[in-house]
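This document opens with one chain alone, in structure tokens, the form predicted alone.
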Amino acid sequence: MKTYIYLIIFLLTTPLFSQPSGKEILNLIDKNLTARTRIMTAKMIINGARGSRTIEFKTWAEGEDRAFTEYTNPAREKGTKMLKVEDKLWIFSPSTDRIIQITGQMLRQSVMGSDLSYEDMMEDPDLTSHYSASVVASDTVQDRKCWVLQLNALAEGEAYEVRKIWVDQERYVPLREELYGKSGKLLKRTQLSEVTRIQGRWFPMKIVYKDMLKAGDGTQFIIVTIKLDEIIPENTFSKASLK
């Protein structure tokens, strides 16, 4: 009888599953979203205060230190190129035939009037290397059970000092995010959707960015095609490729 009582107490007091730690969840997110290389075609639908417009482009990226983007449509933007190597960013404008370097606070300016900054556009950070994380709640987003994580920057200089992320408990993909500045002010919100199985990992094909400091209905970032871990020629990430 005592054995049965002890067994019942054990079953009632033992959780059916253990909640993963914030670090474990970040590792699983990175496993889904980061890759050695990425080649993608995408478009931004910018819903500004004065109407909407669409910009199409192709991006080649290697880790979080090197990326090259070329705009392909519309005609007035076609041929504009951006090159990121570590913490340096250059832009080539075909209308002026000039290459300019974007540095410092300029990296946080809007790209083509969108809700994305140059940092948003060109960076693909490994979250585990840049943030600590703790699970602060659970919630439901898009009918999916989510862990709610608070991320705090490990070092000075991150674009967003604090991030709050709603992570799908089954697929370990963010479905919603809030991005905060050093002052604690909410700077941006994102909604991630159209999660697709790609090369053995879950990946969101649509992200809606909303800059909380500007008017408009946000910017849709839509991935049309994506290839992971492909070989990219070394000269893709040289300044010569800008012209």
Partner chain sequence: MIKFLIKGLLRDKHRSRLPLIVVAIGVMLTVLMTTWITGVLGDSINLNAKLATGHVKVITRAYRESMDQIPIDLSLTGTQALISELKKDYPTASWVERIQFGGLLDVPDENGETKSQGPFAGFGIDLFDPDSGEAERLNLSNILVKGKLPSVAGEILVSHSFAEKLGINMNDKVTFIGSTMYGGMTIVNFTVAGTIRYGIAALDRGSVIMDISDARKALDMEDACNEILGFTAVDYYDDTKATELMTSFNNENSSGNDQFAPVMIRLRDQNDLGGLIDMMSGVVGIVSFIFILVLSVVLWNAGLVGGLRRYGEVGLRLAMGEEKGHIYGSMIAESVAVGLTGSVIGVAIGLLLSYLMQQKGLDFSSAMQNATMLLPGIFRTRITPEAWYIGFIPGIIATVLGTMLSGIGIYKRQTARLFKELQLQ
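Numbering follows the first chain given and starts at 1. Note that the structure is predicted; figures quoted are calculated from it, not measured.
Although not depicted, the form predicted together with the partner chain is the subject of the following passage.
Participant: Of these, 170 to 178, 62 to 70, 47 to 55, 194 to 202, which stretch puts a heavy atom within 4.5 angstroms of the partner chain in the predicted bound form?
Facilitator: Among the candidates, contact is made by 47 to 55.
Participant: Only one of 141, 148, 91, 85 comes within 4.5 Å of the partner chain in the predicted bound form by heavy atoms, so just point that one out.
Facilitator: It is 91.
Participant: Thinking of 129, 166 and 189 as one candidate spot, does the partner chain come within 4.5 Å of a heavy atom in every one of them in the predicted bound form?
Facilitator: No, none of 129, 166 and 189 comes within 4.5 Å of the partner chain in the predicted bound form.
Participant: Heavy atoms within 4.5 Å of the partner chain in the predicted bound form: does residue 80 have any?
Facilitator: Output for residue 80 is yes: heavy atoms within 4.5 Å of the partner chain.
Participant: Is residue 137 close enough to the partner chain in the predicted bound form to count, meaning some heavy atom within 4.5 Å?
Facilitator: Residue 137: no, not in contact with the partner chain in the predicted bound form.
Participant: Using 4.5 Å between non-hydrogen atoms, is residue 99 touching the partner chain in the predicted bound form?
Facilitator: It does: once the partner chain is placed as it appears in the predicted bound form, residue 99 has a heavy atom within 4.5 Å of it.
Participant: Is residue 116 a contact residue for the partner chain in the predicted bound form, using a 4.5 Å heavy atom cut-off?
Facilitator: Judged by the heavy-atom cut-off of 4.5 Å, residue 116 is well away from the partner chain in the predicted bound form.
Participant: Scan 220 to 243 and note down the residues that get a heavy atom within 4.5 Å of the partner chain in the predicted bound form; none is a fine answer too.
Facilitator: Just 239.
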